[in-house]
Ligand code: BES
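As structure tokens, one chain now follows by itself in the form predicted alone.
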Amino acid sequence: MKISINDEHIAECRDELLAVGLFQDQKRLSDDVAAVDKACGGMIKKVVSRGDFKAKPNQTFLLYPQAGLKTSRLLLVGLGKKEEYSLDRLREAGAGAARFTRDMGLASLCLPVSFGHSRGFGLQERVRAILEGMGMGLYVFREYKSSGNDNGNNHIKRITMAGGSPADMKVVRAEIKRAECVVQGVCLARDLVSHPGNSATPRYLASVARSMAKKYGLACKVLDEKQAEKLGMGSFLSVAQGTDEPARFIVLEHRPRLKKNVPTVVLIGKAITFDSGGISLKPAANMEEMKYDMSGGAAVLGAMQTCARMRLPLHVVGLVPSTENLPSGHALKPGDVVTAMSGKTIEIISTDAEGRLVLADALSYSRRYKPDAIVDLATLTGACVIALGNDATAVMGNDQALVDKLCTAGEATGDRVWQLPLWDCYGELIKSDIADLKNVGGRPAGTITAGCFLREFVPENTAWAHMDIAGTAWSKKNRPHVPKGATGVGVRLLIHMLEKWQS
């Protein structure tokens, strides 16, 4: 699909479908929409005045203008009430228009640059939201359908944004390039999570990382189990004891050719490619969804690809510790004690609390990069889903400025985060009688005690934040720009944070 620009007035649009946005109870049409309405004989005003189209969020209404417009189809897209307007609503509107076009089997769609114009948001914000919404909304994963690998959006060949001034078009052109990089990063993460556990193994993730590195100029290193053992990664390797599938520790590095002393940011993503819970076996119901337990690693891979394609002026390192968590005669057992790379000992209370074990050694490994900041992402705790549901990611950390960066990026991208405390009193819950730590602190404050556990492995004097994406990485419902299944959460948030790092 090609996204292009056209400086002609939208009334001159020759695409198969022209989409315009309207606000609920709008007293006056915007100049562009008014011109379209005039060209088609006042059809828009008639439909609105009769109450056939109320412009509610995600509502659409198709018109067939008989004359006056170069296009044969005009789609009205509802934007809801102006006082409730948001960038997320604009993403949904863009996604809705693109999906409507695809589902009709049409090849081209045109949107005015003024689509969703409101005093609350500037051109760059609006265009970014629209483009991201369209790209993410068209995502379909069909690789395992026997009818063929039709990704569901082959009909759309072109999307055009039209009607802006030369200055506007310069902004739009830049946002098109950015959107292509970011949306493809999100779709990569969604693809990796959508693959079943017998396909997306740790070795598969490693092969994806190597291919990505070769294509986009990243440095890549993959540690096998022997290399991890030599480094003393006893915590990471303990999770892999129960499976026949070899574990892999993936390292990607984005090294821009810029002046020395650019900031170094380490991104760490948990990648348990299938999580049965190990000896502490999960209930059978919905266990098939546990292929999504590598969503943190998928987000880091998607973000690293995007960093390289956008040539962000930062030194960014991606660490993805990957393994399966299965029960067997060799598997880790409750009551076992393992030694992490840092030298700290961990008493295993539950083998289903394995994500923090692989992250512990990844945090220790990050020390060699002397990072300015570390952000880890993980589908870590069911307690997070209970606390925040499926609409917010939990965030906590040892540096408020870093947490604030993530919160700001979350608001801008719609990948919202909510801060939880890391008070020392919670750390008391993970003290062990026979080891330095235990990997579970009990049911109370389960998300926070997991964060307290990870904090024990953060390099000294390093800013760190942990994001628990257990509730946001997988969607059970179909939303306009987030289809049911893997969401790719975290990719856009991380990229936005990195773009604004030094601003």
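In case it trips you up, residue 1 is the first one in the sequence shown, and so on. None of these values were measured; they are calculated from a predicted model.
Below, we refer to the form predicted in complex with the named molecule, which is not included among the displayed structures.
- Proximity to the named molecule in the predicted complex, taken as a non-hydrogen atom within 4.5 angstroms, holds for one residue of I130, V316, L380, V182, which is L380.
- In terms of contact with the named molecule in the predicted complex, the residue from R173, R255, K282, K221 that brings a heavy atom within 4.5 Å is K282.
- Across the options 344 to 352, 209 to 217, 182 to 190, 69 to 77, residues that bring heavy atoms within 4.5 Å of the named molecule in the predicted complex belong to 344 to 352.
- When contacts are defined as a non-hydrogen atom within 4.5 Å, none of L90, A98 and H481 contacts the named molecule in the predicted complex.
- Looking at A465, you'd find every heavy atom of it more than 4.5 angstroms from the named molecule in the predicted complex.
- In the predicted complex, R356 approaches the named molecule with a heavy atom inside 4.5 Å.
- By the criterion of a heavy atom within 4.5 Å, Y292 is counted among the residues contacting the named molecule in the predicted complex.
- Mapping the unseen interface onto this chain, A470 counts among the residues with a heavy atom inside 4.5 Å of the named molecule in the predicted complex.
- Within 4.5 angstroms of the named molecule in the predicted complex, the stretch 436 to 455 places a non-hydrogen atom from V440 alone.
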